Structures are given as structure tokens and as C-alpha cells.
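The data below hold one chain only, encoded as C-alpha cells and taken in the form predicted alone.
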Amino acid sequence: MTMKLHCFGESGHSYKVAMALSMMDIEWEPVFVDFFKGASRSPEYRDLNIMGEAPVLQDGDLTLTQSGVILDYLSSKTGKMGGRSADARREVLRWMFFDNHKVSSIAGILRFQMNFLPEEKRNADVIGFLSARLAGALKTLDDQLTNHAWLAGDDITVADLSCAGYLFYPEAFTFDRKDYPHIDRWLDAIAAQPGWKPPYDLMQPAFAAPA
């Protein structure tokens, strides 16, 4: 049965899951969420996900939300990218929790501030604070990758996809790959994996810039 992913192109959390589905060679189809027109706040969508967020994965009668939960489910179901032991899985989860708290949560807000808010509503103090927080988290990633090909073991895992999700986007959000040579090498290694595609090749964008 084909899995359905409720998503939109600008959502880095959706991209993590879309990337995993594609790279795990799972049959799936995107269901477009018109986020910037309020689709995720509709009663129908809230019935699907009370949190009003994307992504949402439907696998038959099972509905899952939150990208970390979905990535863990996909790795468990397929036996791919989840670590080969209980200790390895805990290491995968450690980096996924780090990502959700320190990387994606900051990068997502920062990217929204800098690209999707009207310019007059952008807050320079907020952008400065968030960019400093993101730089610290990315330094941690870069340090981990100094002597490790992948974040959580000898092979690529969903921890890599989770932490890398926002870093593949083209919009400016104070992240420059040349400032993090080990992240730069790691992103190239992810992109070289079978099934990898950039975000807007996997999901329809929802944002339309004002004319």
C-alpha cells in the first residue's frame, strides 16, 4: 500500500521524511498542504494532526506525526538507517533529539524570519540571536563529523537525514557550507546516496512571493 505524506516543500521537517521515503525506496505519494494559506489550521487538518503541523504520514490505517517519530517508524519498519543494535538505535535517537532541539527548531524559525515574513516584520534582534544559537549547534555537528563519516555510527542513519534536513535548502538563513568543512563533506555524501533528491524536487512549494 502506498504511504501518503502530508507535506509542503518549504517544510524542513517534511523534507526529512520525504528524503527517507525516497532513499529507502518506499512507495509513497505527497499530499500537498497549502501551509501559507492556512491549510494546516483547518478543522479537517486538525482532525488529522491536532498539532496543526506537517508532516503527517499515513500508512494504511496508521497515522503518525512529528518527523522524529516518523523517521523512527520508517527505519524500524524497513530495517534501514536505524542502527544495528539497541545501543546504535539510542545513538541515532540522541542525535535526532539534538537536531529537533538545537538545529531544526532554530533553523526553521530563522529561515522563516529571513525569507517568508514580509521584510517590515522581520526582527533583526531575533535573527541575530537565532543565528548565534544555530552557529553553536552547527559547530557541534561539524566537530562530531571531524572524525566520523556519519553522525551515529559507521553507516548513514535517519539521524543524518534529520540533522541535515534544513541544511539542503537554498534560501539564506546565515548557514554557509564553507564555514563548516566537515558538514560540507557530509552533505555531499548524503546527496550521493541512491534516491536522494533536493527538497523542491520531492515536494510542492507552498510560498508565493508577493508580486
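Owing to the predicted nature of the structure, the values given are computational and were not obtained by experimental measurement. Numbering starts at 1 and follows the sequence shown.
FYI, the form predicted in complex with another copy of the chain isn't displayed, but the following is about it.
Site annotation in the predicted complex: the residue of S131, N115, T140, T78 reaching within 4.5 Å of another copy of the chain with a heavy atom is T140. Contact with another copy of the chain in the predicted complex, judged by any heavy atom within 4.5 Å, is made by just one of T174, Q66, S42, Q58: Q66.
Using a 4.5 angstroms heavy atom cutoff to another copy of the chain in the predicted complex, all of H13, N123 and V126 count as contacting. Of the heavy atoms in E53, some are within 4.5 Å of another copy of the chain in the predicted complex. When contacts are judged by a 4.5 Å heavy atom cut-off, H101 counts as touching another copy of the chain in the predicted complex. The closest heavy atom approach of A135 to another copy of the chain in the predicted complex falls outside 4.5 Å. In the predicted complex, no heavy atom of R111 sits within 4.5 Å of another copy of the chain. Considering another copy of the chain in the predicted complex, the lone stretch of 66-74, 176-184, 152-160, 25-33 in range is 66-74 [heavy atom distance within 4.5 Å]. In the predicted complex, D87, R89, R90, L93, R94, W95, M96, F97, F98, N100, H101, K102, S105, I109, Q113 are the residues of 86-122 with at least one heavy atom within 4.5 Å of another copy of the chain, listed from first to last.
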